[in-house]
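Here we start with a single chain on its own, the form predicted alone, put down as structure tokens.
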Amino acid sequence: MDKEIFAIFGNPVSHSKSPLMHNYAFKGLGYPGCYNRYRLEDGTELRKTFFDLGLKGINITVPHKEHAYNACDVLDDFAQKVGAVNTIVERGGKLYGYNTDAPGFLKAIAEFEEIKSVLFIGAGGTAQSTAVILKEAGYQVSLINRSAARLEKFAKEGFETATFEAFTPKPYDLVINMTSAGLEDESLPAPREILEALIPQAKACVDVIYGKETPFLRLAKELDKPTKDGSDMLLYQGIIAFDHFTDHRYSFDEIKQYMQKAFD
């Protein structure tokens, strides 16, 4: 049987652990698949690039999750609801879109106890899907962002929102960096004075970036707060994506035992 080719599309994408995770699982489970990375400059070229490369499926990371949504022929109910896709599978020449970020995220923060209120810093594609699933799971979700434009959609859906300029810090159980700030530089996701007012009142801080201690997490540790990076979220969303890629033939735990090796 010919190998099916999968990839991750993003920009930047060189740091991605997804190829390692998926290739460990393909090999360990004996599935004829191979997973690469592809730096996509222009999100509007996503669909054409997918077919030009002869792919079977992709994951999509920043900044192309909304473009991925528009590239699909068929969307599952949850992806349709949140308007963001991070997993695409080709079947019979059609692209099927899913969102595995949000269920992966929900599973990852479940280990924090007595969390009711959550503040997202940033309002991009990951925040979009995650805000909806957390709200459905009973969390109170608020968002702050540099610009007002990205917050409009959230405000219409009933989320409490504010720009950095208009924001008045108050206590939140969990403060989460949903931006790429700190991924390739030493920048913080929000002005330092806002973070220094927020973090001491929080129970814990989470960053969706994985594999490095970001300036945001470093500040949280300096302020004596428990922290968590994006590794578990990445792992769990990857397992759910792999399940779609392989047409649901393996259990969550079967996939996890191999994918986990990418983090050892």
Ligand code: NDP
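In this text, all values refer to a predicted model and were calculated from it rather than measured experimentally. In case it trips you up, residue 1 is the first one in the sequence shown, and so on.
Below: the form predicted in complex with the named molecule, not depicted.
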Exercise. Could you check which residue among L119, M178, A131, A84 gets a heavy atom within 4.5 Å of the named molecule in the predicted bound form?
Key: M178
Quiz prompt | Contact assignment for the named molecule in the predicted bound form, among I115, I109, L95, L188, heavy atom within 4.5 Å | solution = L188
Quiz item: With a 4.5 Å heavy atom cut-off, would you call L174 a contact of the named molecule in the predicted bound form?
Solution: no
Quiz item: Do Y210 and the named molecule share at least one heavy atom pair within 4.5 Å in the predicted bound form?
Solution: yes
Self-check item: is_contact(L46, the named molecule) in the predicted bound form, heavy atom dist at most 4.5 Å
Solution: no
Quiz item: Is M233 close enough to the named molecule in the predicted bound form to count, meaning some heavy atom within 4.5 Å?
Solution: yes
Exercise. Select, from the options 87 to 95, 165 to 173, 72 to 80, 140 to 148, the stretch whose residues sit within 4.5 angstroms of the named molecule in the predicted bound form by heavy atom distance.
Key: 140 to 148
Quiz item: Candidate spot A123, T126 and L183, all three in 4.5 Å heavy atom range of the named molecule in the predicted bound form?
Solution: yes
